[in-house]
Ligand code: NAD
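Next comes just one chain, in structure tokens: the form predicted alone.
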Amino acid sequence: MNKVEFPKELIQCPNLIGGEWTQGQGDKIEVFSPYNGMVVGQTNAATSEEVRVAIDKAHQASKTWKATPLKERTQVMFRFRDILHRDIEKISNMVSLESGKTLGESKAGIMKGIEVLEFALSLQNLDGGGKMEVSRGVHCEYRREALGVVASITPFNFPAMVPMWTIPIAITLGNAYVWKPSEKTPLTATLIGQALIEAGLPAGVMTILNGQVETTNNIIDNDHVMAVGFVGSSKVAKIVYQRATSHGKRALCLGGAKNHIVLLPDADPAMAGTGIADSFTGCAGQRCMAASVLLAVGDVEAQISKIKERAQETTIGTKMGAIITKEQVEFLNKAIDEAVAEGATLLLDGRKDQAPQGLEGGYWLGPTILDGVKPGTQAAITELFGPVISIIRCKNMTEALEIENSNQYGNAASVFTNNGAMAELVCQNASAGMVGVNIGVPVPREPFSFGGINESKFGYGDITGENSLNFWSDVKKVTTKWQMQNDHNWMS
């Protein structure tokens, strides 16, 4: 399959409550495909009563699931993995249909999700707790226990991958999982829910509730929900974090980014050209790890020429997907105009790119390069969330790092160089949770965990990998003594 396939009729997107697919009773929500601007599906928001009933059922299911041995829970997830591999083409098409990604990007996102799933499968062997005789006849041990019901609110830009950061780990640890997908991209959730049911996940362990702000708030406020995960904009991440923690819940909310790449004159032009261009154009720039600002130190014209060349080859509709909404395209067009008005030069203007034939009604913008952007302007500090990169010219590394450090966000930073000392300088001093050396998108591979700092994250820990385990579970400490001892010490 080389092209996105469109449905012959509207795709219905029900809620999953207590193992049953049910149509929501709230407001109707239409799902538009960014590829052609047409309605391709619809769902109905879950009402407050439906949320209450759903989470009550999840709470009941969590008791049995928590008591199920870890190795038995893992067997369900092994079958889930097999189904995802079997259906990857169908799921990839759905992701592309509703989010605008290319099919290759959609498949890559699912594969990254499967990688997290494989980490979760390893927990039966890696996370066995520990036990030690701490004094004569006295033993202490760790026991990892599920929280009960946990919730996750996920974004539009990765309908499969971001949910798959949390679903495998949270469920394998023994929790019941309540998922509120983005109202812009709810269709993929149905396929993932169906795969879990086919894999044998007990009814109620996975709950899917569609809707908007009201549904989200009803989930967060429910007394049975013990932890809330969120991925989206920093503005909303902060709101969700504050709401959840005000109820005494643990929360980990990942926000936006304004990722900087430091480009040095000794960088390999081919490597820099490909890595940087692919970073800001991949997923049409709609990802929190996309390059947004290029800090050009010294004479780097050869490298910038390669970046432009690579970006020009990234044709929309084939090598790059669509923008999520018409309103976002309008925002990006306005941002480009404002950058030029503030003194930037357009090295590449993606607004001139023609929409793919037959998809003229879609939401399109080609790769755009702004040069000579001034620090402090909108193009330099605002997360645009599109295939736009702003080049800021820097005299030296000190100036480049000062600009990077002034960034309110802290998701990712990278450096392109052949100088190990300069690379280490960036690794040590960049104000970012994830740093790359000659890597345009420094997403860690499992078991290394994903997570930023500063305004890119609200809460403690990371959302994947080993650092996520203590978020989705509790560690109980047990101390036992079965016999009286003849000798005594302070523990006696």
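Residues carry their position along the shown sequence, with the first being 1. These numbers come from a predicted model, not from an experiment.
Beyond what is shown, the protein has a form predicted in complex with nicotinamide-adenine-dinucleotide (NAD); the following relates to that form.
Checked against nicotinamide-adenine-dinucleotide (NAD) in the predicted complex, the candidates Ser305, Asn418, Gln312, Asn217 yield a single residue with a heavy atom inside 4.5 Å, and that residue is Asn217.
None of Val240, Ala160, Val116, Ala272 but one reaches within 4.5 angstroms of nicotinamide-adenine-dinucleotide (NAD) in the predicted complex through a heavy atom, and that residue is Val240. In the predicted complex, nicotinamide-adenine-dinucleotide (NAD) sits within 4.5 Å of a heavy atom belonging to Val236. Gly321 falls outside the set of residues with a heavy atom inside 4.5 Å of nicotinamide-adenine-dinucleotide (NAD) in the predicted complex. None of the heavy atoms of Leu173 is located within 4.5 Å of nicotinamide-adenine-dinucleotide (NAD) in the predicted complex. At the 4.5 Å threshold, heavy atoms of His260 stay clear of nicotinamide-adenine-dinucleotide (NAD) in the predicted complex, well away from it. Considering nicotinamide-adenine-dinucleotide (NAD) in the predicted complex, the lone stretch of 423-431, 50-58, 449-457, 34-42 in range is 449-457 [heavy atom distance within 4.5 Å].
Residue Cys288 is the only member of 283-313 with a non-hydrogen atom no more than 4.5 angstroms from nicotinamide-adenine-dinucleotide (NAD) in the predicted complex.
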